[in-house]
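In structure tokens, the next block holds one chain alone, the form predicted on its own.
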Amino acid sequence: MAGVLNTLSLATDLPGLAAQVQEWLDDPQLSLMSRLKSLYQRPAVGYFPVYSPLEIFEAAGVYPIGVGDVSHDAEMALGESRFPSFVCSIVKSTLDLGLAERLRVLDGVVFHSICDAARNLQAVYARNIPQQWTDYLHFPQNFDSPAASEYLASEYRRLMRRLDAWTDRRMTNDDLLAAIERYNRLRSHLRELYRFRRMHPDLLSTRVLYTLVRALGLLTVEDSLDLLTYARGLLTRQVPRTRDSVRALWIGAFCEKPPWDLVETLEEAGIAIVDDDIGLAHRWFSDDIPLDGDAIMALATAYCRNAVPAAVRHVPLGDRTAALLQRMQKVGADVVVMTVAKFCEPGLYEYAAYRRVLAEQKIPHILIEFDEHMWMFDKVQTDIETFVESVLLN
């Protein structure tokens, strides 16, 4: 191992490692992130979910930190004073973290256009926290247009110019290709872990995998690779759990992170999650990005042509529902569990489309609404247990 993780005494089993990682995530001082920033001597830039071009930050010598992965247990009074009540909690909690100086490890933040609420956040954040450098990345909306990749490449180049000016350095094509190679390796590790969980949900719980995926948003790519390599080495030490369960595709948690206890409630109630859409920042591409030619164009083309399904990435409705059914078949899921963040318009719109096709195909499914600060799970547990029993008995 390299970096800070080499100096830590890591747990020797997966549940213990997950508990250790959760301590890093829940630390209000973000102590581990501060140590990483100091060790690598890099400015730190926060990025908003769902996806940001992490390869560009890496090539710029910047340490990217996912603001959506920082745990937040306050009442969001500061954030709610600037946003109305009908805005999703991650927008308010991001601003609240900044106003409460929980994000003082960051030197800047990059936002992007995934929904109407996120579009407004950057201007409000910059006005209230002017000491941090900010930028706003416009992603293309019409992926059928042949100009989509060129447009996104121009946005990436604009971001690169701003980062170069801010960091007083100049990124080269080779810098970006090297960064893409590192993130290709990280995504490959993730694909292997997800493949293992799909085959053995009794050995790799989603509670553990969810924790590891969230940790990637707070670590450098070097330390992320070390963490996943170490975790994969612990898989063979797991003892399988034998219990009645149903294999589920879990969708809807693509942006706002569900509470730890919600994940545990799902699994304890008999849901064996075999695929999900959590942590898309590190899982956005279904295949490796090519490592030759124009790196910016390769990155932009991959975003437009080789991205995983997501509620905030527009595709025709028929293609979206067909992809859901194909995905269920690929991962061997029998049911769909959809968790939608409160006031999340993209998630609710997606559920409306999926609900119709799932009903037509007679596929059992359940909807659960959540927010980051949810703390009562009795009703969710009852609903899930009833759902699981109805599936197992039919």
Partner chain sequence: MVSEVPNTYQGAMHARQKDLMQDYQQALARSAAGDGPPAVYLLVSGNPVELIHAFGLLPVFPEIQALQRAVRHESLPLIQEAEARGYSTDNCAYVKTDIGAWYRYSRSPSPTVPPPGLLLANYVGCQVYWQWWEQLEDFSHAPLYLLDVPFSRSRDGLPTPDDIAYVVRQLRELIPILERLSGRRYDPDRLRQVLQLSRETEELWSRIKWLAARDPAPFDAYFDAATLMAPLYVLRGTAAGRDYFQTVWTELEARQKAGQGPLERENFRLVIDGPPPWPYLRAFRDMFARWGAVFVASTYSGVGGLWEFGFRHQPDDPLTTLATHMLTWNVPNQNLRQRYDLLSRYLREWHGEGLVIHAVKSCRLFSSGHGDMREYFAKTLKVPTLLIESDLADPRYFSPAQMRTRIDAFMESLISSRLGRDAIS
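Residue numbers count along the first chain shown, from 1. Small disclaimer: the values here were computed from a predicted structure and weren't measured.
Beyond what is shown, the protein has a form predicted in complex with its partner chain; the following relates to that form.
*Asks:* Counting non-hydrogen atoms within 4.5 angstroms of its partner chain in the predicted bound form, say which of Q131, Q141, T172, S286 makes the cut.
*Replies:* In short, Q141.
*Asks:* Which one of R119, H200, R232, R247 is close to its partner chain in the predicted bound form, taking close to mean a heavy atom within 4.5 Å?
*Replies:* Looking at the other structure, the residue within range turns out to be R119.
*Asks:* With its partner chain left out here, work out from 40-48, 338-346, 26-34, 323-331 which stretch has heavy atoms within 4.5 Å of it in the predicted bound form.
*Replies:* Only one stretch passes the 4.5 Å heavy-atom test: 338-346.
*Asks:* Does H365 reach its partner chain in the predicted bound form, with heavy atoms at most 4.5 Å apart?
*Replies:* No, H365 sits far enough from its partner chain in the predicted bound form that none of its heavy atoms falls within 4.5 Å.
*Asks:* Residue-level question: is F196 within 4.5 Å of its partner chain in the predicted bound form, judged on heavy atoms?
*Replies:* Outside the cut-off, so no.
*Asks:* Is A147 part of the interface with its partner chain in the predicted bound form - any heavy atom within 4.5 Å?
*Replies:* Contact with its partner chain, yes.
*Asks:* Hey, in the predicted bound form, is F57 touching its partner chain, heavy atoms inside 4.5 Å?
*Replies:* It does not: once its partner chain is placed as it appears in the predicted bound form, F57 has no heavy atom within 4.5 Å of it.
*Asks:* In the predicted bound form, do R82, R313 and R356 all put a heavy atom within 4.5 Å of its partner chain?
*Replies:* Yes, the whole trio is in contact, each within 4.5 Å by some heavy atom.
*Asks:* Taking only heavy atoms into account, state which residues of 154-182 are within 4.5 Å of its partner chain in the predicted bound form, ordered by sequence.
*Replies:* S154, E155, R158 sit within 4.5 Å of the partner.
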